[in-house]
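This document opens with one chain alone, in structure tokens, the form predicted alone.
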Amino acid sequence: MPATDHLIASAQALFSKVFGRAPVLGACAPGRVNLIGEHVDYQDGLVAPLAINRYVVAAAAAINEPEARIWSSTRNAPPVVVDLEHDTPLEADNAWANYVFGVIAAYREAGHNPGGFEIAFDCDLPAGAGLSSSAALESATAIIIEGLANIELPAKERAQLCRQAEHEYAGVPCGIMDQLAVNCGLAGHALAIDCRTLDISPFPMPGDLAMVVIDTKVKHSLADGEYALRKHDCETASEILSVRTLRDSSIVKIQEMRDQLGEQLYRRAHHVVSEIARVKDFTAAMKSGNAAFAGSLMNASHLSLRDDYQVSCPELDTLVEIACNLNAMGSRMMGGGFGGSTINLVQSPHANHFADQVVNTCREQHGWIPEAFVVSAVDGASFTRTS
């Protein structure tokens, strides 16, 4: 991964500075974008993400003591030191390290003992932007643990352990999409993932299309707890509809039972069921070369997230409106919502100009400045060389 050489070198240098010796193991885990299929993975839905060329990189070395010493360039603090037998989430200023220690605990519970180690992280993947920085952090940790324990798990199994860590230690009841995308990414391809069966069908991204991420640079406090509330709404709706998950329902069924569901649960269910259908149509459109239709499905996904699922925010809506006015083929919010980023599908020759136009329009007409960058599809998490 030549484009990450500078980041790998930075992580190794930071490890040496913090821990006073050279690392012996390295790992690199990409972020991800999701082209379509938002808030459906925890309902056994279909999604279409891909790993992107923005990374979390780790450098590590074993120690004789039974503890993990965890340091990140994004934190202005000494390493977090945790006994390997610790079995409850970390609190207060150390809570960020739950994404790391939770993975250690998950591997330990699965019977894999890496022993004590020191680990340092660096990244060019922004946190809070809806690009799965947490899954990348977890996956980089997992790769290091596998190196220390002299094992190499299948990518899907690694993804499941990382999700377990996020559930049990970070307290986020996420689906499996992020961890699968980060670990199973394939260069030049998006992944059609069935979140019930974990079947993955890569499909090539057309060379004449580019993906532009626009980061609002904001995160509203409303996001706190709203993810769990949406998941609870879906579970309640499933019970009323007498289905295992909303994956097993249909638009006709939820319309028939709209009164029993009530307006809020109806909207939640309508988003999930219609979004799963959009993913099927999107994947077929991309495979057949109908990018215009695929883009229109992305636009419809955003409207559903805004109106039915109610997880958008003014900044995201503004970016989508600007993108559509600039003739993006498709534009939608990504991630949990209430901030973060949009993903935009545009013609490759115009990608950089489009990114500049969105930023300039937002600054001139709305008075705030997002960050825009073009991304490409890359391979999933892997070991890296150490110097």
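Note that the coordinates shown come from a computational prediction; the quantities given were computed from them, not determined experimentally. Sequential numbering from 1, following the sequence displayed.
The next section is about a form of this same protein that is not shown, the form predicted together with alpha-D-galactopyranose.
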### Task
Please name which of the stretches 347-355, 39-47, 66-74, 317-325 has residues with heavy atoms lying within 4.5 Å of alpha-D-galactopyranose in the predicted complex.
39-47
### Query
Looking at 161, 176, 285, 153, which is the one with a non-hydrogen atom within 4.5 Å of alpha-D-galactopyranose in the predicted complex?
176
## Note on the structure
None of 96, 227, 117, 266 but one has a heavy atom within 4.5 Å of alpha-D-galactopyranose in the predicted complex; the exception is 227
### Query
Is residue 335 close enough to alpha-D-galactopyranose in the predicted complex to count, meaning some heavy atom within 4.5 Å?
yes
